[in-house]
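This document opens with one chain alone, in structure tokens, the form predicted alone.
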Amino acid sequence: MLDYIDLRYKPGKNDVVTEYYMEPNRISFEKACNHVAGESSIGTWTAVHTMNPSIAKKLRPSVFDINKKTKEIKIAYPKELFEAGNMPEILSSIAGNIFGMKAVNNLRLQDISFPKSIVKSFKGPRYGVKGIRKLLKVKNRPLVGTIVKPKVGLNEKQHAKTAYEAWVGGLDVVKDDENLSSMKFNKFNKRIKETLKLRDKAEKETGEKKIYMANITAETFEMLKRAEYVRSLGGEYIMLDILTCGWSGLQTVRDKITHVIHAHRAMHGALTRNPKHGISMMTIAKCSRLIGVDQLHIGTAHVGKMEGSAGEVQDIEEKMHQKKSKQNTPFHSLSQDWYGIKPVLSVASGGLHPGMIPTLIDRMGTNIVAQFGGGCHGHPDGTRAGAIAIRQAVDAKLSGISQKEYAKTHPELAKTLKIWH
């Protein structure tokens, strides 16, 4: 078995660099490092006669940093180990068999950095932050939206009416929930037709651009058919559950359609929730930006119902927005030059209500999409009033007025603050 540890090695510009949290299983830390590096590249459990010196020299990864105190290691892989433009293959290597090895009790892929050759092999977002703001004609404030609730159960006309009420109340965006596709009680084609019809009505009545994010998640060819149907009716956006439909499905959709892609992260908690094992949300976010989602759920910076600390979410947001992300941030240590790949718009969603807007903006800024489900539809006076309250809360924050003061002359916000403290 090769020794992959080289603490004198300095990663080069053509290396893929990864950071793992690792807990060995009854073996030395160094031996566990070798198992992880080997299994994710050219090695196996024993010496093999087919391994020749040229392979070992050219393709051997290097464990170049070991921190036993924090149980973190960094590995540099030659770019030749990976097929450019093939995210499934890349992740099958650095996030594949290694999670099932007996050599480790816990292993977590915390961060990744890609070289220019791999970055340039992906298309990245078609629209990104600037393209989305141009489409919606909203320059400086957060985009605000809702998810139709209940998640499933409404028929097509009820769904469309709920969307309409949210739009005329002032929201920019209405989206399907992650588990609404095409059910007996709510067929995809009919829902899209009814909802986009009322979107057009809302735009005429409000004079504002309105967006409907239709969930096309399904088998890959079916997703393409659904995206085309959305386009035929004038829909500019589609939504994908990027983890359940898979990296291949996401790449195909990005390559074949011209819609804005809203990426929902359903199932991410199965990978990201355990701080000692799995894959970090940072890694998922970086891979998603490379492939080309235009906006991505990243969490609410510990404001809403979803797990995820403020610092971690802020760190992810920074790396989704910047041209070159910095090294040694509090939660992740690998820098990334994006080489022209467009920034991704961050989406905050999960348990939000208007009273949380000041803290949300303080932590995540105004360059976000803030989405409210129950925090819109749970308003005592219904969806339209909930949407009005959300816009009022944003206006108050951007005007430097406390919500309590603003609520004195804005009854919709006042009722919200009364029921959600």
Ligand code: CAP
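Note that the structure is predicted; figures quoted are calculated from it, not measured. The first residue of the shown sequence is 1; numbering continues from there.
Missing here is the form predicted in complex with ligand CAP; even so, the following discussion is about that form.
Engineer: Decide if the three candidate residues W167, K210 and G235 all line ligand CAP in the predicted bound form, where lining means a heavy atom within 4.5 Å.
Structural biologist: No, none of W167, K210 and G235 comes within 4.5 Å of ligand CAP in the predicted bound form.
Engineer: Out of 343-351, 153-161, 85-93, 247-255, where are the residues with a heavy atom within 4.5 Å of ligand CAP in the predicted bound form?
Structural biologist: Answer to the contact question: 343-351.
Engineer: Could you tell me which one of H268, K319, K74, R226 places a heavy atom within 4.5 Å of ligand CAP in the predicted bound form?
Structural biologist: Going through each option in turn, the one that passes is H268.
Engineer: Which residue, E203, D177, D337, E222, has a heavy atom that falls within 4.5 Å of ligand CAP in the predicted bound form?
Structural biologist: Exactly one residue meets the criterion: D177.
Engineer: So in the predicted bound form, does any heavy atom of G38 sit within 4.5 Å of ligand CAP?
Structural biologist: Taking the distances in the predicted bound form, the answer for G38 is no, it never comes within 4.5 Å of ligand CAP.
Engineer: Is H259 close to ligand CAP in the predicted bound form, meaning a heavy atom pair under 4.5 Å apart or at it?
Structural biologist: Looking in the predicted bound form, residue contacts with ligand CAP do not include H259, since no heavy atom lies within 4.5 Å.
Engineer: So, R231 and ligand CAP: in the predicted bound form, are they within 4.5 Å at any heavy atom pair?
Structural biologist: No, R231 sits far enough from ligand CAP in the predicted bound form that none of its heavy atoms falls within 4.5 Å.
Engineer: Closest heavy atom of K286 to ligand CAP in the predicted bound form, within 4.5 Å or not?
Structural biologist: No, K286 is distant from the partner.
Engineer: Taking ligand CAP as it sits in the predicted bound form, which residues of 139-167 have a non-hydrogen atom within 4.5 Å of it? Please list them.
Structural biologist: Heavy-atom contacts within 4.5 Å come from I147, K149, K151.
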